[in-house]
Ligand SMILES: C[S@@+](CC[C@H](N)C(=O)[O-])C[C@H]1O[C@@H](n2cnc3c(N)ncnc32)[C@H](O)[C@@H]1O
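Below, in structure tokens: the form predicted on its own, a single chain.
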């Protein structure tokens, strides 16, 4: 199911103008490898969210080769982005891109399971971003919710899952995302919304 009409998406992309040349390279690699990234529309949203709350500390649960981390790093001047990735070659690619853009000093990669790594990085975060294996989304919410500071944000990608969440019964990934959405919206310590851009982005404010 198409979440955003392709003509509308093309129009939105036309409004943003040119992007950093390294981002363009990363997008080209994603197309070549059929590698999932958030894309420029969501990337710009992530940048804006970080700037709006003056974020200085971001934790990513799932980073791939650093496309979303690039957008966070652009926004978080003088801060730090903690990235998690299970494949070391993606970590290497991400660090190379971020170094080329002069942003690597703001980013620290951790290789392994994001659900375990978040327990090892101390302190609260201004933003926790969830973009891992979809079947792990409910567990990621349990891990992340308590690590977001008051006034911070919990953000998750793919929460509309190509529209599959609107069906009565789906596969394991679909049902996990539906459970994540139910749990997030039922929490009294977060005010949550879903932005229906690309594949759906959940944005929840910690009260």
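Residue numbers count along the first chain shown, from 1. This structure is a prediction, so every number in the text was calculated from the model and none was measured.
Note that the form predicted together with the ligand isn't included here; everything after this is about it.
Student: Is there any non-hydrogen atom of residue 38 lying within 4.5 Å of the ligand in the predicted complex?
Tutor: Residue 38: contacts the ligand in the predicted complex.
Student: Should residue 138 be classed as touching the ligand in the predicted complex when contacts are defined as heavy atoms within 4.5 Å?
Tutor: Flag for residue 138 set to no.
Student: Mark residue 86 yes when one of its heavy atoms lies within 4.5 Å of a heavy atom of the ligand in the predicted complex, and no otherwise.
Tutor: Residue 86 belongs to the contact set for the ligand.
Student: So, in the predicted complex, is residue 152 in contact with the ligand at a 4.5 angstroms heavy atom limit?
Tutor: Output for residue 152 is no: heavy atoms all beyond 4.5 Å of the ligand.
Student: If you check 100, 92, 77, 113 against the ligand in the predicted complex, which one has a heavy atom within 4.5 Å?
Tutor: It is 113 that has a heavy atom within 4.5 Å of the partner.
Student: Name the stretch, out of 178-186, 47-55, 141-149, 65-73, where some heavy atom lies within 4.5 Å of the ligand in the predicted complex.
Tutor: Residues of 65-73 come within 4.5 Å of the partner.
Student: Could you run down 130-149 and flag each residue that has a heavy atom within 4.5 Å of the ligand in the predicted complex?
Tutor: 131, 132, 133, 136, in sequence order.
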